[in-house]
Each structure stands twice: as C-alpha cells, then as structure tokens.
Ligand code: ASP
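Below you'll find only one chain, the form predicted alone, shown as structure tokens.
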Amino acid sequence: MYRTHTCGELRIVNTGSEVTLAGWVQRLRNLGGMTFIDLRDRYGITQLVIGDQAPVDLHQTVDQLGREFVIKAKGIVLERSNKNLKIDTGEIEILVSELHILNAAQTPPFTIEDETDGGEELRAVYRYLDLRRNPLKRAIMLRHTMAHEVRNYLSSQQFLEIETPVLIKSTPEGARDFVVPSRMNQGQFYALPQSPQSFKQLLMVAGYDRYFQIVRCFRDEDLRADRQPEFTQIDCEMAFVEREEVLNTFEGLAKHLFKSVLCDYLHHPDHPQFHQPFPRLSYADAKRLYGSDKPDIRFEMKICDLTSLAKGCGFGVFDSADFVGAICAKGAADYTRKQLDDLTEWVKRPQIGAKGLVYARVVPEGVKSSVDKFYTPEALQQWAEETGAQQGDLILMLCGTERTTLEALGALRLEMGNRLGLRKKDHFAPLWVYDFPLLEWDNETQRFYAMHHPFTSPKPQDLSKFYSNKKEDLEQVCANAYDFVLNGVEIGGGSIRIHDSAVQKRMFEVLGFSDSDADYRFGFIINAFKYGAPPHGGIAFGFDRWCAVFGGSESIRDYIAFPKNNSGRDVMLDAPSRIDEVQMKELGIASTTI
C-alpha cells in the first residue's frame, strides 16, 4: 500500500510503530550525514529523518529529491528531541528505512508556502499548485464543512434536495444569460440558469413543500471581488408559509452554521448574538441610517440628517443643497489636516461622487468646524447634540441630493469603519432587511423593472397601489421580500412569491409584457399556476460569499476551487476559447460570426 497513515495523523502515542507515508516534499534540509524531509499532504506535515547510518542507496535516492517530488517513505515513529509544537505532528518524526520516488517534479514557478512569492495572475495559471498552499486548503475545507452542515440542518427540517436542469430557456429579464447553441435544434439556444427560480416554484406546485439545492448558477455580468460568472447558491423554497415562517427557518440555518462552523470548526467564541433573534430593519430605515440596503452593523456611526440645522446660515454650499447629512467618528477629533485632506480627496473620487467634505471637531474649547465662520458656537453645538458627538469625536458632513448624499455617507461610514479598526473580521453581526421596493423605474426605457424578479409578491397592504395606473403609486409598492445581511455583505435574498394568477398577470402588465410575450417567456409557470399553486416563498444564499465572510476574506475566489479572473477568463484552461470549424458547422454557426 502507498500509506498506512496520513501526514497529519501520527502522535507521540504512535512511537515505535512502523508506518508508511506518502506525499509531496515540502522542504529538504541536508545537515551533513543526516537529512530532514518535511513531507506534506492535505492533512498536515510530518518530518522524515534519513540518518547517517542509513544504507548508501537510501542516501542516493535522497540526493535525487527536489521540492514537490511525490514520494513514499517507510520507517519507525520516534519521539523528536527538538519538538515543533506549532504543528500537530511536531512531537514525532519518522526514521526512514525505505524511500521511493513515485513521481519527480519540476521546480514550481512559485514557492508552495503560506506566504508565497507568486503573484495572483501567476498563481491562477497554476491553480492546482496554489491549491496545495495552506490558506487555500483551509478555505476549501471550510467550504466543504459549510456545505455539509447546510445539508444536515435542512434535512433535519424536512427539506428535500432536488436537482433542477442546467440547460433551460432564456428569459432575458435581469442579468444577461449565458447561452448555449443547440446542435439538434439549429438556430435555437439553451440558457444556463441564473437561478432555479422557476423550477423551485414548480416544485411547490408539484407538492414538494420544502426544497433545497446547493446549485451552480450563471450570470454574464461584470465581475468584482464578490462576483463570478458561475457561482453557487443555497437555493430554498417552502410552501404554505408566510414571511415570518421563512425568516425563522433560515435564521435557524444561520444560527446552526454559527454554532457548527464558526464555534466548533473555526473555534470562534460562542457569542450571545448567535442565539438571540437577529435584528431587523426596513429598507427605508437602512438607507436613511446607513446609506445602504446592506448595512454593516458591527459598529454604530449612523447617518444623521442635519439639513434643518445646517441650512439658512449663509454657507452657500449647504444652503443650495437638498440634503445635509453627517456621521460621527468616535475618538477621531485628533485627525490631522493631512488625514482630513486625504478623506476629502477620497470622497471626491468618481465612485463616491461628493464635491467636498465639511468637518467639525468636538474639543475642550467647544465645537470647531472647517466652516465655523458661518455658524455660531450654539449652532455648532446643536450639530454635536444631533449626531451624539462628544469630546474627542469628529463630525463628517456631506451634502447634495438626498439619495446620492446618503449613498456617499454610507460609503464614507464604511471607510471610517476600516480606518478606525471597527470592522473586525472575527466579529459577526447578522441582520434582516425587509420591505424593499417592488419595482424600479428606468428613465432610459421608460418602464418599470422588477427589483428582484417578476414572481415577487407585493405586500398585501400595498395591493391597491399595485393595481393603480399612477407611476407615483407603483413606486411606493413594497415587495414582500427580505435580505439576509452579514457584516455588510448581502448573503441571501428572497421573497414570498405570487401564487395568484390574477396578481401574476398584473405584474406582467406593470413590467410592460404583452400577454403573448408573457406566455412565450413564462407560459410554463403561468399554466402550472392554473392547477393549484400553494402560497409559497423562499430564499437563496450566496454560498461563496457566506464562506468568504466566515473565512474573513473580502474575495470569494479563494473559496472556489477553480475561479475566473476579473475578465471572466480561466487563465489555467485559457477559456473561453475558439472552437474549430467542424464544431461550428455542427452547431449551424457560420465562422464569419466569430
């Protein structure tokens, strides 16, 4: 056999045992007559020793070794005289009696160590080597543990895991579809699913009242750190439920993962908030207080409306603005002029879009502002009282239209949270956000779009507005929808679905679909609803994002075995790539179109 034990398994109790190990050479140290080899597999590292009394042929084999050679070693477990308590096997070593090279290896293009010398692009080309490093190994193992615990919890709640098709019909409403040409039906195309939304609703019609799937989804959209063209969802649906039952069920899933993964697997302290009801915030309050529909509530620093206090005092910038808002950065009154100038330049970036930054320090002498010549000490003191600023705090103010200013303040709040060390990766703050707008108006196309998807139900109390033909009424309709937010990251989103055919027909009307268009795109689900659709709702979690947040990373790539880069390319496979003329002819695609 190739091995009797793994490289992370042996302990002091195994002393005296004859064992066989196999793995990769992590490091070689030749100390005269003795050679030490660190042998690695995915379970850990074990030190091998070739003594000075070893046979000549054994030393000759050792002389051929290099980093990342695949070898098999047989020997006796000994207690180490110089123990390394940083690794699990650090109390023992193997005195080698037999050594076989199973496969030689070229020198890797970068060192296979925790702190590597390889750049991101180079490591992406050799992803299979990068995956040998401990940081990625831990990420992939965390992903496995989370998937296992998700299945454990949902199965215990009577959910069935059911697979849905990958080749489906394109319904271009929302993100762009990836399309797949059909060889047997030339000129026609499949689409890869952006989510299994329609199928899980059909499963509710079919009577499978609790469904889940850890499923691959595809969206042809611009990429960033938390997006990939293919990603994984924990997709769930329930029948005969209202919003409260859905939230309670999946709050239970989150708490199960907090306990089983964070506390047990990652050895994170078991904080009380893991067991208490999660806080909830309406979409309107989230935007008003945090400037974001996915607020990071690990720290306070809420946005305050200072419009009535700041306008009408002769400072033209504020006087001409629709809205003046502020945040209070606790303990930051000692910020230097250089730091404040840097913040001013930061908010002026195109991504933020502010024209400038006004600040006020709360110091022993009172409130000192960059615009205090326009305001009395009493007026500045009102700013401090409204924002809750006390001695040693810094008030930061922006102005403009209400929507853009709130968004800019939300971004500034997160930046200050980073600069003040308030966004701690080992602290977790879950939140439900609810009552999102049902519809979004697009000025360019002069029509409404579904903020989530066309099957999201309006809140029952907003149905009268939903049936109104007035744009201002429709803009006020709230969706019976909810998002799960963790540490400022949208982890999941869902809604109670439309199950009434008349309401669904009205939704298609509001979205500008003719009857024939709606029937062409969604006829299968419209027809299904005619045969008894139960009230139902669900949620989908971004599995990659959840793994990254638990792992303390802002990027999901380390938690995906073979991710794409920012251009949507797999640089290891060199994909996407051209296909040959024979394939194009079979698919009915002319070479001139590529």
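Not measured: the values here are computed from a predicted model. Sequential numbering from 1, following the sequence displayed.
Below, we turn to the form predicted in complex with ligand ASP, even though it does not appear here.
Remark: Q213 does not count among the residues lining ligand ASP in the model of the complex, judged by a heavy atom distance of 4.5 Å or less. Among heavy atoms of I539, some come within 4.5 Å of ligand ASP in the model of the complex. Using a 4.5 Å cutoff between non-hydrogen atoms, S195 counts as a contact of ligand ASP in the model of the complex. When ligand ASP is considered in the model of the complex, R497 lines it closely, a heavy atom lying within 4.5 Å. With the partner omitted from this view, the residue of P430, G417, G493, P229 that lies near ligand ASP in the model of the complex is G493 [heavy atom within 4.5 Å].
Comment: ligand ASP is not present in this chain, but in the model of the complex one of R132, R143, H256, R219 has a heavy atom within 4.5 Å of it, namely R219. Annotated contact segment (heavy atom within 4.5 Å of ligand ASP in the model of the complex): 195-203, selected among 312-320, 418-426, 195-203, 149-157. Residues of 435-474 lying near ligand ASP in the model of the complex, listed in sequence order, are H452, H453, the criterion being any heavy atom within 4.5 Å.
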